[in-house]
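One chain is shown next in structure tokens, namely the form predicted alone.
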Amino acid sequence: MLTALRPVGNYFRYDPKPLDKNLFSPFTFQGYQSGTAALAAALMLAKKKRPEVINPEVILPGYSCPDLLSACKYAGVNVKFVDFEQNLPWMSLSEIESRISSSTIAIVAVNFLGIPERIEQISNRVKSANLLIIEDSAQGFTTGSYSDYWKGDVVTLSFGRGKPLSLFGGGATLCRNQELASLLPNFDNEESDGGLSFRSKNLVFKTLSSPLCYFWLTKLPFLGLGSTEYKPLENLTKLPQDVASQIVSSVEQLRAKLANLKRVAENYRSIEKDYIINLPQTTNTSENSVLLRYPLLITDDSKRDKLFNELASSGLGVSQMYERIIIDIDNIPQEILVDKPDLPNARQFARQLVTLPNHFGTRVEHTRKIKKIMMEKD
């Protein structure tokens, strides 16, 4: 096959508009140069809120992006990992409770591929511990009510390549009230070196993500497309102006495309085999929430490998995401880890997960081909 469908990433038409700081009301808005920087700022806020804690700790899910550790390292907080519930993309509620200590200042609840964590349940369990609930929504977005979708005290967004609002850079920290917003850190530098403008990056992305170009890019291993690795955060700088000016119109464009994305997800949801688990798609979400990719767990190891290899060789944009739990990723900062628990459910989740493309470029014929392979391959 000479063409390939990229796993993720929406193409947004260049349409600059002034950034309305009230766009995400009732949340306040503070932009940063990346989603990692936005999370680091949220963690620094958590430290300021609990100045009496000498060696602050935060709780993270055991299966997640290593950028979370980059933010923790920069913010100067130590990390405790929590295992998943079995066959679910959520942290174990009982383990969260058992991992809290007098040094714990925050819980980072990750919105996995657009499936929000059970934040209200977590909050009810830890009410007496005076913890900040940080909702990492780098992978999740909604075109509906933000207060219905986001339940954290603080929410962090990413506008990086491959995210729901894929603007090739930038991030934001949203606070539920002005009191929290006042605790956000100052910038290390006023300006962010954005390199190429959004318009230029967008043109490059449009060209390289065409099926023919993307096929050949996937054949160049030194590019590391889709690779998972730890990268340290160097500083906190402002959201680039060219990214800020594209947010409003990109939200509008995402809203216009939502029905197509929902249709793609519905086609995937009809894939049924006794060894395939469809992950739950909603908790507190509205019908306006966006899935970054469509996730499946394939519980039979040999069938999973065969299915994934055939789908991958067909160029249909499948991905295994991080493939490993976070403590097994190379070069992570060991000095900030309080311990290294086994995390059996997260390990199993990482091994079984396969994600299917769900972006503007995914068409009905792609979903039909994917479904055909998955339904017929045994």
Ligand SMILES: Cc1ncc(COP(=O)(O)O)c(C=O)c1O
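We number the residues from 1 along the sequence you see. If you're wondering where the values come from, they're calculated on a predicted model, not measured in any experiment.
One more form of this protein should be noted, the form predicted together with the ligand, which is absent from this view; the next part is about it.
Screening Q352, N345, Q30, S34 for any heavy atom within 4.5 Å of the ligand in the predicted complex leaves a single hit, S34. Exactly one listed residue, out of I325, I59, L43, L68, brings a non-hydrogen atom to within 4.5 Å of the ligand in the predicted complex: L68.
Although the partner is absent here, P116 sits far enough away that none of its heavy atoms falls within 4.5 Å of the ligand in the predicted complex. Contact check for S64: a non-hydrogen atom falls within 4.5 Å of the ligand in the predicted complex.
The closest non-hydrogen atom of R255 lies beyond 4.5 Å of the ligand in the predicted complex.
V110 belongs to the set of residues with a heavy atom inside 4.5 Å of the ligand in the predicted complex. With the partner left out here, the ligand still marks one of 304 to 312, 76 to 84, 177 to 185, 154 to 162 in the predicted complex; by a 4.5 Å heavy atom cut-off that stretch is 154 to 162.
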